[in-house]
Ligand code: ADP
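Shown here is one chain on its own, the form predicted on its own, set out as structure tokens.
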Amino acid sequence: MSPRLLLAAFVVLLGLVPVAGSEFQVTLANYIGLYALVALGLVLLTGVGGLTSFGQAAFVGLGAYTTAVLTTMQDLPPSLAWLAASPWLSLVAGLLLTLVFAAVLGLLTLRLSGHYLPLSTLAWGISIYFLFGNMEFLGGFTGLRGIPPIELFGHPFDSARKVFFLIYLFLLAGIVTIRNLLDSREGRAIRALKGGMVMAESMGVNTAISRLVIFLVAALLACASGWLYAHMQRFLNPTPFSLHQGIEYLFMAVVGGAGYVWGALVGATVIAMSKQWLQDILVRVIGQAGNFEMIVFGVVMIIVLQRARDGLWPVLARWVPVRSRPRRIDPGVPALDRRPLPAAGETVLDVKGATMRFGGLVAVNDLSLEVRAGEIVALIGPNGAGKSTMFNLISGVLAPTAGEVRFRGREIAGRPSREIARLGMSRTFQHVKLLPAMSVLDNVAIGAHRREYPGLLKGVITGAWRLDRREEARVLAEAARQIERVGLADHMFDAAGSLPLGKQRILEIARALAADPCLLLLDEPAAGLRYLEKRALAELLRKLKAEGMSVLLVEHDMDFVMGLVDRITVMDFGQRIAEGLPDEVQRNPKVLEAYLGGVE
């Protein structure tokens, strides 16, 4: 079954609910749609971006209270009175207020990591809940009444059956928008967050901005849900926007499948219906009302999460196999612009006196090295010599304690990795950093993120509404060219995690090449490769050298290195102990003393 046919079938079944369902069933379906709209934002925020938030109910309340105040207060200031003319205007006001409020919260809290981020969302979720309850003009805990229904072309949505269509129109629009966004250039940058900040930044992604974008989108979806809720209920108090509800929204996303867009609807449906059924059944069994259903519900959900760690959507998807068509690659689209490579012999990288101290430990001590255009240079040394630290100093992951790092004449020491990547430096990693669930093609396309970049706002808008088809076709064509270049054409549409380790390393090189670098940093590129694969890699590096590209590599396979590189720099205990041609280095007494018996 094709995805479009499946979506059409879902829409048809959805349309039967208000026609054939009872009043109770339609009302329950309305709540499910409202919950799913909030959970959809958490799929983007938590499942895709890896950020945990317990405070989404606060944004639901912000949208609900904004429209409630604007449409019920009689003595609004003249500057705001015009917003009371229609609930649709109050929706715009709520979205703008939420955007500002979420931006401030995001800038304050998204810098936190680990358990500090979810704790901060707990803090502001509780604070905003009590703010709603203690403000007199918001009705306090008693609430606000008299909220008018939404009208469209003079037609009021004043019943559960009528508002049903509006709620699910918002939900389907949200699902399509998020799916489109995740399938765009900005979407790949967002998905790259789960691959680690170092990897994403090294590909030119501004991870702080990407985190803020998904935080804002999730907040806006929650705000829209609150607006719909207020005009459906026609009455408002703070209870639906408590911390308990915020936790429940997160639970919906996780149970449904936090990494899947349709998981939001599945999770909202399962949790809302299960709670209702349990409540009805337990009252009959126990003979008294209470919160007994929460106990049973908690136990059942733990079992579900143990059996389906990725949520219920992947389980359901196996029952209805969906034939997804592979992306169409158009080789005829104009190629992305390429940066001019430096002239032969020009110094591309110049490191002088680089030093890196971690407290009392000196990992790199007064080290200097140089890489010229069209040259392959190897950085070798025993375990603990400081090679990886040196790579991180060059690529911007670490800022040196002392010394200079110049790339094409520009001082880059201390500059962020994403800025260095834009200048034309790209890298691979000692421990492969890929997005295993994404295709080989999409992984490589991340490398081209900054090429002919349209800007954040334009990228998000065009990606969300499929207005970037031509630009996307060029990026994918470039990714396909690099995949073919490294010999992985047969795996272009395979999941990256399904490849053996050796091919994953080759995939990292393809991703680095998609960035159009003039200096390539390769961290153990031959590790895990078979003999013929190493020969193919060596041939590829020679071709890159012939084109004028520079390569700096760390490698432990001495046979591979000695037959390939122009010069070698040897490190031991953070210091340079030798530098020169391969034959000279092999005969150097200091190298023999440091290296024999200490080869990694």
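Everything quoted here is computed from the prediction, not taken from an experiment. All residue numbers are counted from 1 along the displayed sequence.
One more form of this protein, predicted in complex with the named molecule, exists but is not displayed; see below.
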Q.
Give me the residue from S79, Q306, N383, S113 that has a heavy atom within 4.5 Å of the named molecule in the predicted bound form.
A. N383
Q) Which listed residue (T462, N237, S210, T389) meets the criterion of a heavy atom within 4.5 Å of the named molecule in the predicted bound form? A) T389
Q.
I'd like to know whether I175 contacts the named molecule in the predicted bound form, with contact meaning heavy atoms within 4.5 angstroms.
A. no
Q. V285 near the named molecule in the predicted bound form, any heavy atom under 4.5 Å?
A. no
**Q.** the named molecule contact at Q430 in the predicted bound form, heavy atom, 4.5 Å
**A.** yes
Q. For L361, is any heavy atom within 4.5 Å of the named molecule in the predicted bound form, or not?
A. yes
Q) Pick from 181 to 189, 406 to 414, 361 to 369, 102 to 110: which stretch has a heavy atom within 4.5 Å of the named molecule in the predicted bound form? A) 361 to 369
